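Below, in structure tokens: the form predicted on its own, a single chain.
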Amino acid sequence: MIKATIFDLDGVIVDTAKYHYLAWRKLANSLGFDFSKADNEQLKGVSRMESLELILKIGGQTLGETRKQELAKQKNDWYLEHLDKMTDDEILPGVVDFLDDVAAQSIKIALGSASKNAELTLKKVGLLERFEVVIDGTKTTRSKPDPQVFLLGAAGLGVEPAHCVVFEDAAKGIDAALSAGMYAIGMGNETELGHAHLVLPSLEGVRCTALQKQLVR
């Protein structure tokens, strides 16, 4: 029986991945190399500093810790410029109706994201009050595929992991959910997310009752 839902943010609730890509690419360009959309796929579910390390590796650059902290802040400042212009148009199809349905079934709702801007993002699109618990990059010490973010979400909701279902668009996020002993629903490409219990193209038209019947371990 599902008692709680835990959602990733980027690519599941809102489409802000494009803004991360634009900010990271601008950073890479400022350092003298390019950063492609294919490269950006490696950053799904990865923390800011780990993302920076991957980008520097792509560019063949080795920098000191102080400089890396400066670059991480610069990237975030560019990202926040995009975020400041966000509206509820960024909410992905079916999300609001599904959150309504989840709440109507008295199923708890949490967010589990690597983003350090998760609460700000939810506030900008008018969804912050829908989440009883928000676990983001400011509250975790380990990144996905470590299950920490989801286990903290379950603990915050007071629900055992076995009764939680996670919605994720990244393979590392699915790995984290499975490691936590939770149901995992992949949002997107079945080729990449096929190890989840279930893969959906979007939340459009999805309802809790039907979903629970489809989740078989």
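All values reported here derive from a predicted model rather than from experimental measurement. Residues carry their position along the shown sequence, with the first being 1.
Although it is not shown, the form predicted together with a small molecule is what the next lines describe.
Check your understanding: Among the candidate residues Lys116, Arg130, Lys108, Lys124, which is the single one with a non-hydrogen atom no more than 4.5 Å from the small molecule in the model of the complex?
Key -> That would be Lys116.
Check your understanding: in the model of the complex, which of 27-35, 44-52, 155-163, 57-65 comes within 4.5 Å of the small molecule (heavy atoms)?
Key -> Looking at the partner contacts, the answer comes out as 44-52.
Review point. Can any non-hydrogen atom of Leu9 be found within 4.5 angstroms of the small molecule in the model of the complex?
Key: Flag for Leu9 set to yes.
Practice item. Tell me, yes or no, whether Tyr79 is in contact with the small molecule in the model of the complex, where a contact means a heavy atom of each within 4.5 Å. Key: Contact with the small molecule, yes.
Check your understanding: Are any of the heavy atoms in Asp175 no more than 4.5 Å from a heavy atom of the small molecule in the model of the complex?
Key -> Heavy-atom contact with the small molecule at 4.5 Å: absent for Asp175.
Exercise for review: Please check if Asp39 has a heavy atom lying within 4.5 Å of any heavy atom of the small molecule in the model of the complex.
Suggested key: Asp39: no contact with the small molecule in the model of the complex.
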